[in-house]
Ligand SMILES: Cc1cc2nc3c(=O)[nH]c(=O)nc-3n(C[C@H](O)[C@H](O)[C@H](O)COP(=O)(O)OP(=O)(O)OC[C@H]3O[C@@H](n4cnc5c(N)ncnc54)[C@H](O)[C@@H]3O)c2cc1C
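The data below hold one chain only, encoded as structure tokens and taken in the form predicted on its own.
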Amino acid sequence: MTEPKTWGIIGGGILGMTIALRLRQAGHRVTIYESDNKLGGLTGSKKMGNLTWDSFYHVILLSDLNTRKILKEIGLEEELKWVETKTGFYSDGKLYSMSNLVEYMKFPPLNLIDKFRLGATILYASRVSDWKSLEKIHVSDWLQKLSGKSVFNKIWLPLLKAKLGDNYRNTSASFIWTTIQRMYAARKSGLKKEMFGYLPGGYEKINTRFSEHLQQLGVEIRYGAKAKQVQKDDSGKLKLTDASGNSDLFDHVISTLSAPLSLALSEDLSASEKEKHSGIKYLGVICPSILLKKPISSYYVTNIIDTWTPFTGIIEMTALIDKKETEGYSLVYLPKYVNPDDPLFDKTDEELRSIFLGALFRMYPHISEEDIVFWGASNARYVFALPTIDYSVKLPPIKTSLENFYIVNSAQIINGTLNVNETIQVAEQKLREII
């Protein structure tokens, strides 16, 4: 065992909490700096009228073993609920079910040959193991080669644009590969089929229990403490100062914030590593959540092929979770992934409401303003690091030129999609590299 040290963790999201947990279990003294009044970060929750649920949509898969391990440690795994859900596709103004092979074969937008090529592409991608080679190929080139131009233009291109915008032109094929790999993870682990899961109470309950567990172990949590600066002290330790001017000394400091926010913490980083961190391209998200008096569909996920809608897809959470969690209302998320400087971030809540609900009412004529019980938009400018060409090669190391200062964030996910399970895995892997 290494000699116990003092560690400052900047950011109390799932990544920061996991690092804090493992450090404390190893005997170190740990302090978390969290700018909010509770832990959770992107898994945080919000008030929706009289109820509280996740600000952004999350789901747990049977194959999410890292997440389930943490839930077991904090005493919540046995409470997980597992549900088999349905998937929908919206194309040419019509909604189709795509939840099994029979429905796939009936899918009107594709002819028989297109369906075969699409299925063959997905099957092939699920069996590819050399993900690094895919980092050297543009996703559009790879998909056109495998699926053909017809399938690419009808299916892949609209989905890529919905998720990435014009950034798809600079994104590598590993993006689609990681998505398909996650979909097939359960089958590869010996499970007969993938199930979607959730915890009653949502991530509000998970984050509350996680923070309680950390405090019971002796982790200090400082709420409302926004880290402002990390610098070397005369004593040789790192001086961490928050926005209120309060300072503490630590042997080691780990920032779990996004690359731009982590860079702003220290003026002592070298020009080359600043360039590497600045080279990470992020997508942000605008994610309205609405409560309705009635459901819009029976699908947990509705993929949208039409390009006129302002949202990336539709997540009907109550097609997964019990409506007891939402007081009988239907909970729907309308995520839109955009660049961090997108004008949507500057829109007022009323402007966003008009844009997003107008499109929803057009898609689902049986829904009107009278059905809306709650509306609220959550947003984050730095969410998803784009897997550009040679991403893993260009990625900066977690160790910085400021001795004992490390940057560990979700950009370190190099062969997986952004989700809680991968975030926990990165936290544990990178911490092992550090200590």
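Sequential numbering from 1, following the sequence displayed. None of these values were measured; they are calculated from a predicted model.
What comes next is about the form predicted in complex with the ligand, which is not displayed.
Inset, instruction - Decide whether L395 counts as a contact residue for the ligand in the predicted complex under a heavy atom distance cut-off of 4.5 Å. - result: No, L395 is distant from the partner.
Inset, instruction - Verify the contact flag for Q425: yes if a non-hydrogen atom of it lies within 4.5 Å of a non-hydrogen atom of the ligand in the predicted complex, no if not. - result: Taking the distances in the predicted complex, the answer for Q425 is no, it never comes within 4.5 Å of the ligand.
Legend entry - is_contact(A227, the ligand) in the predicted complex, heavy atom dist at most 4.5 Å: Result yes; A227 sits at the interface with the ligand in the predicted complex.
Inset, instruction - Flag L23 as yes or no: does it have a non-hydrogen atom within 4.5 angstroms of any non-hydrogen atom of the ligand in the predicted complex? - result: Looking in the predicted complex, residue contacts with the ligand do not include L23, since no heavy atom lies within 4.5 Å.
Inset, instruction - Have a look at 23-31, 397-405, 54-62, 366-374 and name the one stretch with heavy atoms inside 4.5 Å of the ligand in the predicted complex. - result: Among the candidates, contact is made by 54-62.
Legend entry - Selected contact from I180, L257, L360, L344, since only one has a non-hydrogen atom within 4.5 angstroms of the ligand in the predicted complex: Comparing distances to the ligand in the predicted complex, the residue within 4.5 Å is L257.
Legend entry - the ligand in the predicted complex: contacted by all of S97, A162 and V301, heavy atom 4.5 Å: Spot residues vs the ligand: no contact at all.
Legend entry - Sequence-ordered residues of 33-56 touching the ligand in the predicted complex, heavy atom within 4.5 Å: Sequence-ordered list: Y33, E34, S35, D36, G40, G41, L42, T43, F56.
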